[in-house]
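Heads up, the chain below is alone and in the form predicted on its own; it's given as structure tokens.
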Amino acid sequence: MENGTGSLEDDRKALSVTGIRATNQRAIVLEVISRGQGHLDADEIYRRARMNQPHISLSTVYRTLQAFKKLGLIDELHFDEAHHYYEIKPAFEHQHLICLGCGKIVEFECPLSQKMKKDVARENDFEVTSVEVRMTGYCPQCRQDRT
């Protein structure tokens, strides 16, 4: 499941392994997220899923996202207060740069966050399960537009 899957049939197989019933609608939602190449909110997932499954409802998409999140198949990210974004559970822990101008999201690896996770866990006798670093600023295009 990490870093996306190949086909709708692969997504159905992956769902079966989790114990969740592998319906067409769930497989399509998983495929949309897998192929999303970015961070999609529920409305965008719904819009893309309807291209393949015109009868899917927005409430089905929301229920499916919550089930996938609970199963650990996807991550729910909060880059702003108004939206939740979803991505396939990544193969590696990564962090995010968010452009305040256009909303572009760039993923990057941060070895320091891994060290910090270990150090803080050890110093506080705490099981740290994830670290989220979010940096905001302006991408090259928006910086140019601001001048």
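Start at 1 with the first residue shown and count on from there. For clarity, every value in this text was computed on a predicted model and none was experimentally measured.
This next part talks about the form predicted in complex with another copy of the chain, which is not shown.
The stretch among 41-49, 109-117, 55-63, 23-31 whose residues place heavy atoms within 4.5 Å of another copy of the chain in the model of the complex is 109-117. By the criterion of a heavy atom within 4.5 Å, residue 94 is excluded from the residues contacting another copy of the chain in the model of the complex. Taking the partner from the other structure, another copy of the chain in the model of the complex has no heavy atom within 4.5 Å of any heavy atom of residue 35. Among residues of the shown chain, residue 67 is not one whose heavy atoms approach another copy of the chain to within 4.5 Å in the model of the complex. In the model of the complex, at least one heavy atom of residue 84 sits within 4.5 Å of another copy of the chain.
Although another copy of the chain is not shown here, in the model of the complex the stretch 119-134 places heavy atoms of 119, 120, 124, 125, 126, 127, 128, 129, 130, 131, 132, 133, 134 within 4.5 Å of it, in sequence order.
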